[in-house]
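Shown below, as structure tokens, is a lone chain in the form predicted alone; questions about how it binds or moves come after it.
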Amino acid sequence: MNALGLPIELDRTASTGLRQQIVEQVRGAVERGVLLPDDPLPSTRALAEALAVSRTTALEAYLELEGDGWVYGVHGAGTFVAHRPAAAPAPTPVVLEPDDEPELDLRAGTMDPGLVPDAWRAAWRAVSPRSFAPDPCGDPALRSGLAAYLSSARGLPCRPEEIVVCAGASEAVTVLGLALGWAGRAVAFEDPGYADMRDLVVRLGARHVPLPVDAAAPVALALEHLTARGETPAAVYLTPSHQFPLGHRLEEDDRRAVLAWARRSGSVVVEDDYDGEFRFGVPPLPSLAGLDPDAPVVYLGTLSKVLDPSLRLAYLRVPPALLPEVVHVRGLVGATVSGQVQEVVAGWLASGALSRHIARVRRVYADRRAALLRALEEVPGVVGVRGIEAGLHVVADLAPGIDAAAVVAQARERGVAVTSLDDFRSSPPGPPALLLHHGGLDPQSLREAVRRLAGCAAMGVRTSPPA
């Protein structure tokens, strides 16, 4: 006990700080019943003098205890022990096995945080708390920056008020589905395509219509076939800059034909440009929306592949005719992206730091793509590679007779995570193929991942097990 009669004895040689020692010992006294509900505690000044600590240390300890519900303050009367409910038994902790996460991850969406420069980390030090939530459609500075970026980098002239900020692509599509009334109506998705987004739209009450896609077949022709069968959809979800997952690009003639079909049919095209910033040795193609800013095309962009997937920051560019309903629903949902995130990204856009970062990592990804392609040339089970002109993944076609699902399972046992192309098809199975993402691993790790992949028994080639 100290001079105040409190069970607090500080150890100035301990690694635990003095504030934390005060907090832990007061909690312990309450849990043991030494301090009872409504017992008064000494003032911060008296506590500081008795323990020979600064008053700031005593004040911060009381504030932490009050914030966690151990004590309460009464203005002009002092600080008292709080009433606390009986503690529930602690839950049994879940222990993750070491092999729960693969050592070498080639699945889509994995990124390398080491590529984000120090300037990005430094930018967060300048943000400050706000007294109000952001505009549901996004911070004005961010919307202006995104509009300028789309005009400059993606050939899509637009006004800031046409930009709607969302917490990830899934929320963006949810807002669209609610605003444009997809429930009970057909929505066409590329097949193979983005399975999670397709399932989300079905959960919103829409009816899924598969849209067969292939690098050799025009998308507009497939859309015309839907119309001829009486299945004109309310919306069509496309990935024209780097078809997910096959990887080919929609050429300009086909893009214009898609726009003409959309105008005739009254359907809305959702253009998901999820990694359009990354192309290798080919010129940029105009976005669908950029070819005709007044066409019924909603452009969906994201900063996940460029900066950090954990930002959960996506954005829509909505054509004027569709904007009122989308803004209305966005307002009903409310702001979902923190003001601090929007402030930092807006600053990066305005300073040109984002464009410089994209240029730098584009060269890094080009080197990684080249390393992956060279490694795949040495794998007898791989008979072709597609989708190499753009984006951060390729499709490796396997020899007939190889079981892609077995390759995925055996690769996982060898510490490598890959995905079968069948996972993206509406009606699998199809010709065996794997989707390999090169954004998250350096060249040496990519070569090691391919070596282990080649050693899977299901690939028909055996090598020594990984070290």
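Note that this is a predicted model, so its numbers are computed, not measured. Numbering starts at 1 and runs along the sequence shown.
Not on display, but discussed next: the form predicted in complex with a small molecule.
S.K.: Consider the chain as shown here, without its partner, and state which of Val236, Val318, Leu176, Ala169 has a heavy atom within 4.5 Å of the small molecule in the predicted complex.
M.R.: In short, Ala169.
S.K.: Taking 4.5 Å between heavy atoms as the contact cutoff, choose which of Lys305, His357, Arg279, His248 touches the small molecule in the predicted complex.
M.R.: The residue in contact is Lys305.
S.K.: Want to guess which of 342 to 350, 323 to 331, 364 to 372, 267 to 275 is within 4.5 Å of the small molecule in the predicted complex, heavy atoms only?
M.R.: Heavy-atom contact with the partner occurs in 267 to 275.
S.K.: Is there a heavy atom of Phe244 no more than 4.5 Å from a heavy atom of the small molecule in the predicted complex?
M.R.: Heavy-atom contact with the small molecule at 4.5 Å: present for Phe244.
S.K.: Check whether Ala314 has any heavy atom within 4.5 Å of a heavy atom of the small molecule in the predicted complex, and answer yes or no.
M.R.: Yes.
S.K.: Does the small molecule get within 4.5 angstroms of any non-hydrogen atom of Tyr194 in the predicted complex?
M.R.: Output for Tyr194 is yes: heavy atoms within 4.5 Å of the small molecule.
S.K.: With a 4.5 Å heavy atom cut-off, would you call Pro210 a contact of the small molecule in the predicted complex?
M.R.: Close contact is absent here: in the predicted complex, Pro210 is far from the small molecule, nothing within 4.5 Å, heavy atoms only.
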